[in-house]
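Here are two versions of the same chain, shown separately as C-alpha cells and labelled structure 1 and structure 2.
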Structure 1
C-alpha cells in the first residue's frame, strides 16, 4: 500500500463511528491530538471526541503519526498551529521532555510525559498514567495504605504506577521483571524517593511466591496482548483475598484476568486505567469532568 493511501486508511480507522463534536470550523475550534509512532490503533481520538461532544465543546482530537526524528519539529509545529493540548505515546514519552517548556515534579520523578497542555504559548508536560491507574482502585475503596503490592514488569507504565502506589501510601512493593536488572534499577530509584517503605526487586524465578503473598497484584508487562503469550504466573498465584489488576486493555478479558477471576479474586482491567488517564488529561485541558459512563461503552465496543 502506498504511503498516502496507508495514511488515509489509518485516518479512516481512527474516525469515531459516532460522528464527531460540533466543530464550528470558524477558526475558534480547539485542536487536540496524540503524537505516537505508530498511532493507528490509539483509542484516544474516540475517547476525547466523545467527551468533547458530550460537553458540546467546539474541539477536535486528531492522531498524529510522528517519527522519532521529527518529534521536536512536530511540537514546534503544533504550537505554531495553536494546538491546545495533546497526548504522547510510545515511543515519545521520554524524548518529549526535552521539547517542552516545563514539566511537573511527577514527570521529573517518573521520567515520562503522556499529556501536554499549551497555555499562553508555553507547554507543560504531565503524566496522568499514575492517576489513571489509581482511579479504579479508589473507586473500589481499596485500602491502599494496607496493601502489599507485587508489580510484574519494569517498563514505563510500571514505573508510573509503582510511584503512584507508593505516593498513595502502599506499605510494601515487590517488582519482578523478565530483565531483572531493570526491576533492580526501578526498585532502587523508588527506594531512594520512598525511604520509609520496603521496595524490593525479586527475580522472575521467585515471582510466583511474591505474587501469591501480595494483596494487590499488577500486570504491567505487555504479556496477554498476543494470542499464544505464555502465562506469566501459574494459577496457584491467585486467590480470593487479592485485587488483581491487568493494565493490558487489548483484549479486554486477558488470560491473566480470567485466571484471577477463576480463583475468586477481585479484578480490574486495563480499560479502566486507559479511561482514568484520559479523564485526567481531559480535565487538565478543559477544566471539566470527563463523562466516563458516556464514553466507556463505545470503547468497549471498539475493543470487542
Structure 2
C-alpha cells in the first residue's frame, strides 16, 4: 500500500505545471486543435486549454502533426471526427484553402488561412494573423501611415501581416525572401490590391540595405526558432530609429531581437501576436471573450 502511494506521489510530482489534457472527456467534449509540421513547439494547446478552463467549457485543444502531403486527408479526417475548429500554422496556411468549403473575403484577398471553424458539416477559413500582428503596434502608438516597412519572409504569415500593414496606411513596403520568386509573387499580388502605395520585392542580397532604410522591420520567417539558425541580417541593419518586430515567440528573446535591442531599436516579440491572433480565433469558435490577463502569465512562464 505504501509502495503504491509513493508511486502516485512520484507520478504527480513529475507532471507538467500546466496540463493540456481534457478536463472531462465526456461524450459532449468539443475538440479543437492546430495543424502544422512540425508542431511540437506550439504554445497554442496551452493557451486555448487555459482559456477553455477559464470559461468552464467542456473542450480540449490538441496538436495535429500533419505532413504537407497529408493535409487534405487530415482535414477530411478532422471533419469525420467532429472537430469543431482548428488553427493552421507553417507550412499549411496557403495550401489549406483548397481543402475548405469556404473562406472569408479577407482570406481570399490575403491568400492564407490560420483559423478554421466547422459548423453543420462545413468548414470556413479565417485569418486572424493580421489583427493579432497590428495590436502591439497600435498599443505602442506607432505612426503606421508614416512608416517605411521591410518584411522578411513571403509565406502565409507574411501575406497576412503585409496586407494588414497596407490596410493600416503604411506608404511603402519592401518584401525579401530567400526564394526571391516567392517575394516577387507576393509583392505583385499586394501591388494589385494597393495601387496607391509602393510594394516591391528585393533579393536577399539586397536585404541588408532595404532593412537599414526601413522604420519598421519585421521577421515573418521561422528563422531564430531553432538553435544554430544563421542570422537573417548583419547587426549594421539595426538602429535606434527603428521598430523591430519578430513574430517568432520561442524563444521570447530571439537573436534577431537581441541584435536590434543592442542597437537601440524598439522591439516587439512574437508572444503579443500569438495572443492576439489566438484571442480572435477563440471568439470565432466560442463567441466568448478571450481571457488575456489570465493566459499571458502562464505562456510567459512556460517560455521562460
Ligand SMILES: NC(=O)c1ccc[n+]([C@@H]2O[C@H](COP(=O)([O-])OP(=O)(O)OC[C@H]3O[C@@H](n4cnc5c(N)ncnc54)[C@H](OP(=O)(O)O)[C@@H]3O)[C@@H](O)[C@H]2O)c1
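Source: prediction; values computed, not measured. Numbering follows the first chain given and starts at 1. Between two forms, the rigid core is defined as the largest C-alpha subset superposing within 1.5 Å.
- Between the two chain copies, the one drawn from the form predicted in complex with the ligand is structure 1.
- Comparing the forms between structures 1 and 2, the C-alpha position of residue 181 differs by less than 2 angstroms, with the core used for superposition.
- After superposition on the rigid core, the Cα atom of residue 237 is displaced by less than 2 Å between structures 1 and 2.
- After superposing the rigid core, the Cα of residue 203 is displaced by less than 2 Å between structures 1 and 2.
- Its Cα shifted by 3.9 Å, residue 94 is compared between structures 1 and 2 on a rigid core fit.
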